[in-house]
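First, one chain by itself: the form predicted alone, in structure tokens.
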């Protein structure tokens, strides 16, 4: 199903005139130089194709002939109509600027082009063959600059004519004929298209731009041990027969999704998430900006995304996202040595995806501490709260994928989300808006708790009550001794949440001393605070007293009660100041 959906996406890209995607046997690569040849094969001009921004240079992207299989090894064959200088001229500069000659690569360039263009009558093909005949191994032409010998790929043009040689129809036809003659001799039924008598390759092209995977690429479909094979097919991909064209299609589509700068890709921890729809539209952009790292490029776009989120949180469907029943696909990948692991795969509709995203942000909703805090915090911001020093490199590697999967499937959040955030709070004793959002979302969805956005004085949950009580005690100490080096929260927050019976008698006794100090300067305010303590204590069952220990969910409620009560206390104080 994954391969079939990716192959269908490739066909969608090919049909889209605004998208440039290569045909079978071709690939988009980056070219640095072009040699302009005369019909006799002499070099008329060396053309630099790069664009410069300051000191940085950017090669020109172009679609060039290329076998679906990546070349490898020290004596790998030459590319057709383009390659590096060590193939084109048999020479390359090392890091010290010394010339190094490559005989095998020099010969391979000639061998490949003579085989494919041998009797071709095209003037461009003849010019290139003449150029090859005029080369002398071990001699570097005068026109070959140091940059040419050390930077990027080289292609060819014919003097007086527009376009590259590899774009000429006669040369493209020769390349396609070469592909047809050299296709795999193993034939069978393609498991993607269902077509019979197809050429079945032994390996598939590799996927690039997956962080953590090998830079040269990693396989989505592969068999690395005979034990995984069947019917004596060993470790080849004949165990999963896919035609050459379908293999090229699904891998090309996935590489387009994974390309740098792709708007259909989200990176969370070690999990790379790609997504697409059957019909191009706003829905893909909306999903990427809703669960991704990047902000909208302009203020207007950011406002639109917030409007969409506001609508889906309320249960409405923004019609700008297109038809609700448009298929929507989400694929989560993670690196695994030379292969890719599929972390999750989701097939749904745009309407259902919008509903799931709405449910997620509805579970997160909480009263903000400050106006500049995000109303709809993205998953990346939440995950950074779980990392020591908020360093994204320390985000638990598996948690990102589990979190996104829960959002996409509208399933319970991973247990590690709650354990990690509680661990961070115990470690640095910081309870902020984003961490409270994480806990609220977890308890709302996983524990089926009904939690309000602000303080809920009717909530009888013991954890919530004790969290509110702790916030009041913390406030009393800060009011009595502002600027103290160590606060109640610094000393007792983690222990009070985990073992209330051991901690609360101590901090309540100390709170009475602090109230006595406040009473000397602000007697009315001291009475108000004392009433708050007594009111919250009055809801604690006197027969049971403070619980000896609390579960992790109760500790989560403790944090929320503390956050809510603290918000309520400081909001009231501001109101009084304004009055």
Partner chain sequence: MAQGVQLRVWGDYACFTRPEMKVERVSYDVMTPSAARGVLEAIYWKPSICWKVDRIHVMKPILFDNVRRNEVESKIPVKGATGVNAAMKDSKTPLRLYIEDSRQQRAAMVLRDVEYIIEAHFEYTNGEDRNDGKHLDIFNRRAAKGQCFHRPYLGCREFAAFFEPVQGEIPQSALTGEKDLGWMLFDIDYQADMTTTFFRPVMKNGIIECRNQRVVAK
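Fair warning: this is a prediction, and the values are worked out from it, not measured in the lab. Numbering follows the first chain given and starts at 1. So that the term is clear: the rigid core is the largest set of C-alpha atoms that superpose within 1.5 Å between two forms.
One more form of this protein, predicted together with its partner chain, exists but is not displayed; see below.
At least one heavy atom of residue 225 is located within 4.5 Å of its partner chain in the model of the complex. Its partner chain is not shown here, and in the model of the complex it never comes within 4.5 Å of any heavy atom of residue 101. Its partner chain in the model of the complex is not approached by residue 509, whose heavy atoms all lie more than 4.5 angstroms from it. At a distance threshold of 4.5 angstroms between non-hydrogen atoms, residue 233 is in contact with its partner chain in the model of the complex. Figure note: of the listed segments 164-172, 398-406, 301-309, 487-495, the one touching its partner chain in the model of the complex, with heavy atoms no more than 4.5 Å away, is 398-406.
Proximity to its partner chain in the model of the complex, defined as a heavy atom within 4.5 Å, singles out one entry of 269, 241, 249, 288, which is 241.
Screening 362, 352, 135, 343 for any heavy atom within 4.5 Å of its partner chain in the model of the complex leaves a single hit, 343. Residues from 1-24 that approach its partner chain in the model of the complex with a non-hydrogen atom closer than or equal to 4.5 Å are 1, 2, 3, 4, in the order they occur in the chain. In the core-superposed comparison between the shown form and the other one, residue 484 has its Cα shifted by less than 2 Å. Remark: with the core as the superposition reference, the CA shift of residue 339 between the shown form and the other one reaches 2 Å or more. Here residue 377 does not count as shifted, since its C-alpha moves by less than 2 Å between the shown form and the other one after the core is aligned.
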